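Shown below, as structure tokens, is a lone chain in the form predicted alone; questions about how it binds or moves come after it.
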């Protein structure tokens, strides 16, 4: 299930006088419930929650690591039972929502109960079954998606892994365009199912008292849905100028490479960014590197060398000449060893700041490589299987810098799960969902050139300004480039859910938002029959995305506070808390709070202020920001939206 619990402010707690959308008790003369009755209900709900949580989580795990029609059906039924129970508990909670003297934790638990899933259950049993079936079908369609140049020739088929690697490594315009268009065609088959899925999601949201799913998703951020939308816009306004300078510089470098093929409207075609979704641009760093070679930051080369060394050792220890099947097994074993080494490298960082070692079962139960014998959903994710010590990640790890950093991110989720296991089940989630995504990314900010050199993944790091600027550029292509993408996906879905974006305009509205916020354009003429949003995992799997935008803001706030706790002096971007247990203890304490109190309180305890603020990201990238402005002098920046 991996649902991120959404938090509630004290102000909202005090205002909980509106009952849930369920009928009042039939016996009006029945004794009114007391605060003790509320507590007893919440305790019982939490106990059953823990027991019921395990089944759908296990079913989801199998369905995503072993995609078949059977596992789709099983997970759909398991999710159906979960949502039926959750809906029933919400109804049962109705008499307890306006009881005098209710303990604040109990009131908070009742509120969070309504927000335990991004997929609200329709009351109509047939519609609930249809919705869960469609949810499993859409997830499987994405996970098993392939681009086959010749539908009759299986050898011509390429997975998302294959296509993503090509786009990361190959700067040929036509090759990248073929890979991009091939994968985006996968979304077409989802369009009709997604339209119906939206209708059923909205029905479930209305049954919970919300006018649509977008309103429901925005309701869990300790402010009204409208206030939350304004907050995200305000955060974007803080970082938009920095993004604009980065887009202008990148476009100029790409224009120098591709010439007349680049659009004249100031946008960047999505397929030339080195990433399937143009959500991060670090793979085109060699084109944009301010001072080529300064700092020795070719992490990819070193990771691949480590994988090759593992394979060479396996071949050396093999008696005789391996047959093709034996060679394939040796290569798989080397890939697995490389992947596990990358994961343990991340674990080492977390342990260095005082976090506990991972349970042994983590390494035996996680999926670290794409299975050789079946389809699996390779999109990286972390899993709290039993609200205890059974934690896992699911990922098809390649020996790349991007995947190494993704591991640090997923490990942040895993340690958050472990940190709050003593909380009530209803509170086992992030202070808000952006917190959950920011934990590992905060650690990723500590992967400085100095740290990389210390662990053997970069050349000797010095205080050279050129090397420092290269490092800033590389990180900006990951973090700053992502900001508008993180914002627009849910802006698109909010419009889909509230009906302002009609089904015949799904694709057109998608690209309009991408042009407006990112300055990114489709490299091919899109039609209403296309469904390019379906080519991004979080849309068919129905995972809210605003959390990633918030995480991109929060991680810099977290990082600055941890660096202060570690006593760092000097430029913020050169701080690493690796090995600093004082900073780690402060971080672990925050993680242990889970969703047990309003996120503003949790944020203030760590950072000293209760508001999300993009000021830290601007401070971090100040040297690069000044350099970009200088480079862009005389250029025509901006784009036609």
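In this text the structure is predicted, and so the values were computed from the model without any measurement. Numbering follows the first chain given and starts at 1.
The form predicted in complex with L-captopril (X8Z) exists for this protein as well; it is not shown, and the discussion that follows is about that form.
Proximity of residue 379 to L-captopril (X8Z) in the predicted bound form falls within the 4.5 Å heavy atom cutoff.
None of the heavy atoms of residue 365 is located within 4.5 Å of L-captopril (X8Z) in the predicted bound form. Using a 4.5 Å cutoff between non-hydrogen atoms, residue 406 counts as a contact of L-captopril (X8Z) in the predicted bound form. Remark: residue 510 does not count among the residues lining L-captopril (X8Z) in the predicted bound form, judged by a heavy atom distance of 4.5 Å or less. Not one of 64, 144 and 165 comes within 4.5 Å of L-captopril (X8Z) in the predicted bound form, counting any heavy atom.
The listed set 482, 82, 420, 497 contains one residue whose heavy atoms approach L-captopril (X8Z) in the predicted bound form to within 4.5 Å, identified as 482. With the partner omitted from this view, the residue of 392, 108, 114, 413 that lies near L-captopril (X8Z) in the predicted bound form is 413 [heavy atom within 4.5 Å]. Heavy atoms within 4.5 Å of L-captopril (X8Z) in the predicted bound form map, among the stretches 519-527, 379-387, 423-431, 445-453, onto 379-387 alone. Residues 545, 548 are the members of 545-561 with a non-hydrogen atom no more than 4.5 angstroms from L-captopril (X8Z) in the predicted bound form.
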